[in-house]
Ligand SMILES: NC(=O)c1ccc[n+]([C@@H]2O[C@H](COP(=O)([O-])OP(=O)(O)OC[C@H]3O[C@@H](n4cnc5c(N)ncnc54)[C@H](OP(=O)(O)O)[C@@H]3O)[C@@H](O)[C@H]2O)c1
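The form predicted alone is given below as one chain in structure tokens.
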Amino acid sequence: MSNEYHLLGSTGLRVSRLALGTMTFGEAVLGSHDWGADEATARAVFDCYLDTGGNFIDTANLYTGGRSEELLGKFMAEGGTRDQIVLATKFSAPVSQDNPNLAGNGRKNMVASLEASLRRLGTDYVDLYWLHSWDRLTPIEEVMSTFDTLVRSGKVRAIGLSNIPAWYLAKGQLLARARGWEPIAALQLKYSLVERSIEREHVPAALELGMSVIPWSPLDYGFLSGKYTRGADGPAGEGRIQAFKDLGFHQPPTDQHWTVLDAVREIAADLGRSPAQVALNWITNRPGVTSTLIGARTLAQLDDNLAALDFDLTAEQSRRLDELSASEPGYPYQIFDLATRSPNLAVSARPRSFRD
């Protein structure tokens, strides 16, 4: 992996272009599927990622029932690596199954979740604290004011949102600016060659309001790794797709998705690369993307992913992937597209970065 670091949002935090997701750290069962990694494998993945120059590690209080955080804490303590890592964790998942106030995004759960995460991680601060998912209940004013308090306490360095509507992140960022609170540094969103819906509103908002985009599931639960084939009931092959499908997270691929995968395979063959590397390379070079989350159950998977930025797609290959994977603009964007195609309204435009 290239030792290249980008600033996270409008902060001074420098993060590597590939971030290590640790959802698989710790033996776990998702639905009826065993998908976690034992301690020895998790340690090997952790050490390899750091050895290749990675510094951005992401976890959550939910992952493997807290075991992911515990293992990270153990690995950092034994290796003395805490200060070289930009460490991120998340809240929203219930801290208690019996207390309704220890779930969601209210202040009580935000603080309780952070304290529990710090204990498991064996540290007195996290570099980035994520809201894991919108709970559709808590006012954004409460979330943002609590974030600000946690930053001022020294227990959190930067803040981010994940799995939220675009209007919600915009309101939160504008509130922070108006009231002098800690601004949102980053957005962790599902984004890949077969899931580009965030390009309608989330990515433009991030570019306009000074937030980094951190894609999760850039391989669409492994679909873009190329190891699946068309089956009568969806993708056929061994992997995590079935586990997430059983839980309702993974939707059956469309004909367009299979067309995109065919193109990814062809480009990978032309370049002498794996399909996963091509898909990761494409997403990491999208406008607004600062770092892309990768996850691995095995060291071989990690090694393959870490080499995803060691080459360049040609302009023609990028154009082909862009066109094949494009999503419908939807209302009202198709109106804007029609208007700008008018000879009387033609303008030139380019993707903007908030650092322009």
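Every value quoted in this text rests on a predicted model; they were computed, and no experiment measured them. In case it trips you up, residue 1 is the first one in the sequence shown, and so on.
Another form exists, predicted together with the ligand; not displayed. Remarks below refer to it.
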*Is Lys90 one of the residues lying within 4.5 Å of the ligand in the predicted bound form, judged by heavy atom distances?*
yes
*asked:* How about His132 - does it come within 4.5 Å of the ligand in the predicted bound form, if we only consider non-hydrogen atoms?
replied: yes
*asked:* Using a 4.5 angstroms cut-off on non-hydrogen atoms, would Glu69 count as touching the ligand in the predicted bound form?
replied: no
_Contact test in the predicted bound form: Asp220 vs the ligand, heavy atoms, 4.5 Å_ = yes
*In terms of non-hydrogen atoms within 4.5 angstroms, which of the given stretches 319-327, 297-305, 45-53, 283-291 touches the ligand in the predicted bound form?*
297-305
_By the heavy atom within 4.5 Å rule, which residue out of Ser145, Thr81, Thr138, Asn163 makes contact with the ligand in the predicted bound form?_
Asn163
*Single option in Tyr125, Trp216, Trp258, Tyr168 placed near the ligand in the predicted bound form, where near means a heavy atom within 4.5 Å*: Trp216
*Can you tell me which residues in 265-284 come within 4.5 angstroms of the ligand in the predicted bound form, by heavy atoms?*
Ala276
